[in-house]
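A single chain comes next, written as structure tokens; it is the form predicted alone.
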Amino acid sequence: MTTSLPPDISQSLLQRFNSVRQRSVDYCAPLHPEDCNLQAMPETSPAKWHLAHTAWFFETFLLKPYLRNYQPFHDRFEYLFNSYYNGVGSQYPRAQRGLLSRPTLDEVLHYRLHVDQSMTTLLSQVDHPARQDIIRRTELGVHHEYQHQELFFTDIKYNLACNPLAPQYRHHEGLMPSVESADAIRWETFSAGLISMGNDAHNGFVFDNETPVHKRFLAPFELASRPVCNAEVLAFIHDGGYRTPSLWLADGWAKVQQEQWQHPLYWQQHDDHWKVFTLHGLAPLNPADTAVHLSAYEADAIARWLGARLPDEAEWELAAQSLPVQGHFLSGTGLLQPGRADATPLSQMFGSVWEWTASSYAPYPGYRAAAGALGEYNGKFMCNQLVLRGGSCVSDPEQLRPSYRNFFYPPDRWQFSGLRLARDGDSI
């Protein structure tokens, strides 16, 4: 986690800190207290836990070490809301977070207020001897909260989807299917060559897993003009894609058999019609919309069926380097579901859906994790996961850039994940 610092950013950082912290509370406003304690599977966390853990982060890594005479809100919260930082201490079991009826939601909100007031005091100390470290850690904490805001939406969606009543998180107009079809895929061509990838934070914050900048040689390749849409997934289903082992990686086919996958997560067939669960409730499936909630195994099989492949993350980054971070985001229309890709070249590279790549989540050449507990943020997860790029409809654009690396396990599909096709340049 690195950032280059202008001479005095305490005030602007405090404003951004307050804005991001308030947003997390606002996102919980449509929920009832009962909703905030749901945990439908071990991989999700209750909304209340996200609120508490993000406060824990600032308390643990900033207030306790740097604010003189700071009084922790509760002496057991360090244990309850530690996610995975072994350097801090032991953690309450992740799969049992939904059992924590206490502290109540109201107590967690008071905890956040206690932390926020103390952070205001700390950030106002412009002559603090550890000011540079305080600013860096606060910047990291803000971006950490962006990540948990996105996890809030992915987790509450999964938790609500388990309810047969198909409850809405929030009402939204405009979910009826369009008569329009998705634009045909066009192919953007990229020449072979040596490229630079990664980010050394010369112009702002980056996570440590984006560093250091390094060289990669790429063979010629092509990238699809838009992500795969629902119509293409429907065609894959109708052609027996979920029943054809030759399309699947071995682990993927084993998962299909084990879980009896027959369609993407949240799809439901009602007679001859498909519907999909969204954060706005159950809605008709729009074939032209961008496909979402696909595992890496499904993405790889669909790409193979379409005569293509998943991109390498270096290919994706090269294509995105010249593009602005614009797209369908959380801060846009309020629609918490990816829509239809437009006709512009390389549309939806940012926003709408995280795009699976074929790249293992591994350290870049020369990578070194930071010392101490904060070094556990990214480095220790560089094993058995794949990289996703680009952000989603529940991402905040402030957290994204062409070098941003998200990562999940190949079977995971409760995230807002989809795919963009790639193919070798000599396949034309």
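Numbering starts at 1 and runs along the sequence shown. All figures in this text were calculated on a predicted structure; none of them were measured in a lab.
One more form of this protein, predicted in complex with a further copy of the same chain, exists but is not displayed; see below.
- Only one segment in the set 270-278, 331-339, 128-136, 209-217 has any non-hydrogen atom within 4.5 angstroms of a further copy of the same chain in the predicted complex, and it is 209-217.
- Screening 105, 256, 285, 303 for any heavy atom within 4.5 Å of a further copy of the same chain in the predicted complex leaves a single hit, 105.
- Site annotation in the predicted complex: the residue of 152, 248, 350, 73 reaching within 4.5 Å of a further copy of the same chain with a heavy atom is 248.
- Taken together, 147, 321 and 397 are entirely out of contact with a further copy of the same chain in the predicted complex: none brings a heavy atom within 4.5 Å.
- Contact annotation for residue 50: none of its heavy atoms lies within 4.5 Å of a further copy of the same chain in the predicted complex.
- When contacts are judged by a 4.5 Å heavy atom cut-off, residue 26 does not count as touching a further copy of the same chain in the predicted complex.
- Using a 4.5 angstroms limit between non-hydrogen atoms, residue 65 is distant from a further copy of the same chain in the predicted complex.
- A residue is said to contact a partner when one of its heavy atoms sits within 4.5 Å of a partner heavy atom; residue 162 meets this definition for a further copy of the same chain in the predicted complex.
- Taking a 4.5 Å heavy atom cutoff to a further copy of the same chain in the predicted complex, the contacting residues in 82-114 are 86, 92, 98, 99, 100, 101, 102, 103, 104, 105.
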